[in-house]
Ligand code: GDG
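Single chain ahead, by itself, as structure tokens, in the form predicted on its own.
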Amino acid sequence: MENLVVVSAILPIHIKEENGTLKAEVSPGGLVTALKQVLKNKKALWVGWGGTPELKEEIKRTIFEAGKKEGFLLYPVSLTNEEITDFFNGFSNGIIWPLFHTFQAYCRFEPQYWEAYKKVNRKFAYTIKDISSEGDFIWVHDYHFFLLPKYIRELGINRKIAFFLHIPFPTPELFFKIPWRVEILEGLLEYDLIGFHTFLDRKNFLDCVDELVEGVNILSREPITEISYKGKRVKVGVFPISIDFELYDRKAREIEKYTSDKKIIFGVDRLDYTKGLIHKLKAYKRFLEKYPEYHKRVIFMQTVAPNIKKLPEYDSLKVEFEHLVSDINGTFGSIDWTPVYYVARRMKFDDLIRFYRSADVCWVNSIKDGMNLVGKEFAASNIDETGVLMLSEFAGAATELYKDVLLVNPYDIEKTADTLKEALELPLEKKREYMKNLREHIKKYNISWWGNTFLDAAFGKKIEDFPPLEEDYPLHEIFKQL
């Protein structure tokens, strides 16, 4: 039987020990959320790091049982403490993440990070060899696995392997700064299909390949680019990721709106320098300076979820962000009005939907983002069609949604402040026109469309072609491989 093997750096379940008892929690993050919606209750074996250096049988069992409750078959990979540090915080999040998001000053090109990246990619290749069978399809996700197909091929494994990049791909000028740039591109070209969010990401990748890799011939460009390389055809496509529209729409109809005599501006972000949080606060402060008539008439609700990446840049960002919040509230606030409500945690799903329903403006201010699904979630939840999406032109979502949003350049503080006023004053008829168009688009191009389009291009399959996960799937079927 042809099965689907899914590979991501971290499993959707992570293990915590509380009072001597193992506890499994669903991992946050856009990648996990998207894949959960695509793969739920499908017999797909999901491979990733188990979240702990040691993988005792009790931990494996806890991961498996927790995954089964969520509708997944999970296979944890063991990493040492050194590998965790140098692979995740070193190469992946200390080089690739900042560089691909245009923050080259944060990059640390340490040789040991590259060695760890190769070692972990090779370890995942051996794992895939152990658990997959001839005829299985392998779907690999994100920037942690540029070299994985190379090592899989070296092991003599004949599988179809596809890759999707969930972050932007940089221009040649940025990419060329990586000391191991050619090895990365040659590794990627061992995939059968490479997928990106936007046409710009694909163009940047093809430009880099064209400049750096010998023996490459770009044969066609639309709708799927084909590259001839070392006697094989590599497909390169654009597949903008989306959300489960029906889930957000249905949940919004079950939840009442907040009632407020003030206009609600809503932001949902993770603590990350890519999200434009500092620029957002500066623009909001400028808005309050320029338009004092909005004092006591608006509230800005900004949630900031903690970042699992343990890097000094995020500690500095948190301090600067909280200082700005304090500055704004101290300068403009009064005993009966707090201009910024700052929530330093991940918001519960029901509360998130309630604010999506109630917000007059949802504000996404990314400096750079692969897609950013907040705007799509907002539109799917805004069933009264009275909200406005204010969206950074540097988010991947802007390439799809630009006609029915108010675009902002987060670096342009003055213009962003003016656009916020425009969003608050947009006529109701225009709001409904924009939101109706957004909702129709996102409903059509939803998460199932994304999954099916990608799998069809990669393997000639759709989600429904893979077998369902049996309710009584036996534990020993996984454990005989573990």
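Quantities reported herein were computed from a predicted structural model and do not represent experimental measurements. Note that residue numbering begins at 1 and tracks the sequence as displayed.
Below: the form predicted together with the ligand, not depicted.
If you check I152, M371, V388, I161 against the ligand in the model of the complex, which one has a heavy atom within 4.5 Å? In short, M371.
Within 4.5 Å of the ligand in the model of the complex, heavy atoms considered, which of N446, T52, T33, T419? After the contact test, the surviving option is T33.
Out of 252 to 260, 374 to 382, 114 to 122, 293 to 301, where are the residues with a heavy atom within 4.5 Å of the ligand in the model of the complex? Selected range: 374 to 382.
Heavy atom of each of K282, L288 and V405 within 4.5 Å of the ligand in the model of the complex: Result no, not one residue of the spot touches the ligand.
4.5 Å heavy atom contact, Y356 to the ligand in the model of the complex: The answer is yes: Y356 has a heavy atom within 4.5 Å of the ligand.
Give a yes/no on whether W97 approaches the ligand to within 4.5 Å in the model of the complex, heavy atoms considered. Looking in the model of the complex, residue contacts with the ligand include W97, since a heavy atom lies within 4.5 Å.
When the contact criterion is heavy atoms within 4.5 Å, does I241 count as touching the ligand in the model of the complex? Yes, I241 is a contact residue.
Residue-level question: is A305 within 4.5 Å of the ligand in the model of the complex, judged on heavy atoms? It does: once the ligand is placed as it appears in the model of the complex, A305 has a heavy atom within 4.5 Å of it.
So which bits of 326 to 351 sit within 4.5 Å of the ligand in the model of the complex, heavy atoms only? Residues within 4.5 Å: R345, R346, M347, K348, F349.
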